[in-house]
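Only one chain is shown below, in structure tokens, and it's the form predicted on its own.
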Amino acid sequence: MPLPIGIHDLSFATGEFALPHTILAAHNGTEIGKYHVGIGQESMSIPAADEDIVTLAATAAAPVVARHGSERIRTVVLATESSIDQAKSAGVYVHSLLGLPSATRVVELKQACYGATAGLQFAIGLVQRDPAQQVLVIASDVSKYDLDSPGEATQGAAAVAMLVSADPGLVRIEDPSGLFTADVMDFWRPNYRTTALVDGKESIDAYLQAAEGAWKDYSEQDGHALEQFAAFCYHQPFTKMAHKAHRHLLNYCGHDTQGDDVTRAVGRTTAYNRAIGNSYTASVYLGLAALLDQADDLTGRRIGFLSYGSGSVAEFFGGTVVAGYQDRLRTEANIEAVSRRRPIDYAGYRELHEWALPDDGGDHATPRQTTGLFRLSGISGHKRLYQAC
């Protein structure tokens, strides 16, 4: 019998501030239903000036390390598409902030919003080779688009930390995986830009094509039938995309899409993403956190995962919720991570959106804004400086 490997623990963090979509709608004259109903978003997380993917990642991972220790962690994989450096992994800063052992490999992975799933599968392979070790997989991103652009309402920021191990405490990840890749220019961010470029319609079409292709490959690998899954966690650039994707998959498989089938399958996965906004690599695993926190007992039930990254790469795979998982959930902490955010007005949001670290190589301190565990204290000689709060 194959060694059970999967997600042993899961924790997440998000930004210091929250911009309600009512404020954004009032600024640009948009009917609020376009946001609340059309894309399924209520607010979006805005990082403080002294927060970035490193501070979010370290904040998400700290409770995992505190609960399980670091002695068995041999690898840290940080997945992001909003990297802070073209050479050095953001995970190395996180490794330092968490005080992890020097005998650790640390890497950064990139493929748009899909990267964390690549990290999860990489981690499973490492644990299969050495079941005594654990792998810390962190997805951390700040989603940022141009002001007054169509993508502005889908911004967000969050990090999810997952401890991958043998005999997991939450979800056992299963074979096979269904895979799909196509060269599509639906979303991208050249090195010379701080904000992403996106073709909204093309991106939705590419997502649905990738979901169909990954499911087709999954079925051809003798995967489980659609009706054998209790729920589905989709990548959520906006929460209504999960509904669109599942309806498309049902149609592709010849199932009726009338009634509440779509809502039953994905409804409980959208709570955190609806409040946080698009968190890129972290999105699908925020969906998992929301599902485990809200659903009735899922012990022994199978969950489907559809991870999509623009450009594009997708993967469909399944996981079974293990006995005793409810005792290991962080429901109160998860709710606190969302509810503790400070509301921000439009002027404050715009100021943070336009704020950037100077690039002259001088010594510059960042404004002290975050009330989180870690902060970006400044920059000196082109070097980022981090500290515990």
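Residue numbers here begin at 1 and follow the sequence given. Quick caveat: nothing in here was measured; it's all calculated off a predicted structure.
Separately, the form predicted in complex with acetoacetyl-coenzyme A exists; it is not shown, and the next lines address it.
Stretch 37-45 is the contacting one of 353-361, 330-338, 37-45, 66-74, since its residues have non-hydrogen atoms within 4.5 Å of acetoacetyl-coenzyme A in the predicted bound form.
At a distance threshold of 4.5 angstroms between non-hydrogen atoms, Phe180 is out of contact with acetoacetyl-coenzyme A in the predicted bound form. When acetoacetyl-coenzyme A is considered in the predicted bound form, Gly200 lines it closely, a heavy atom lying within 4.5 Å. Heavy atoms of Phe238 reach within 4.5 Å of acetoacetyl-coenzyme A in the predicted bound form, making it an interface residue. In the predicted bound form, acetoacetyl-coenzyme A lies within 4.5 Å of some heavy atom of Tyr207. Distance criterion of 4.5 Å from any heavy atom to acetoacetyl-coenzyme A in the predicted bound form singles out Tyr280 from the list Phe316, Tyr280, Tyr272, Tyr234. This chain is displayed alone, yet in the predicted bound form one of Gly125, Pro150, Gly254, Pro190 has a heavy atom within 4.5 Å of acetoacetyl-coenzyme A; that residue is Pro150. The candidate site formed by Cys113, Lys244 and Ser310 is fully in contact with acetoacetyl-coenzyme A in the predicted bound form, as each residue has a non-hydrogen atom within 4.5 angstroms of it.
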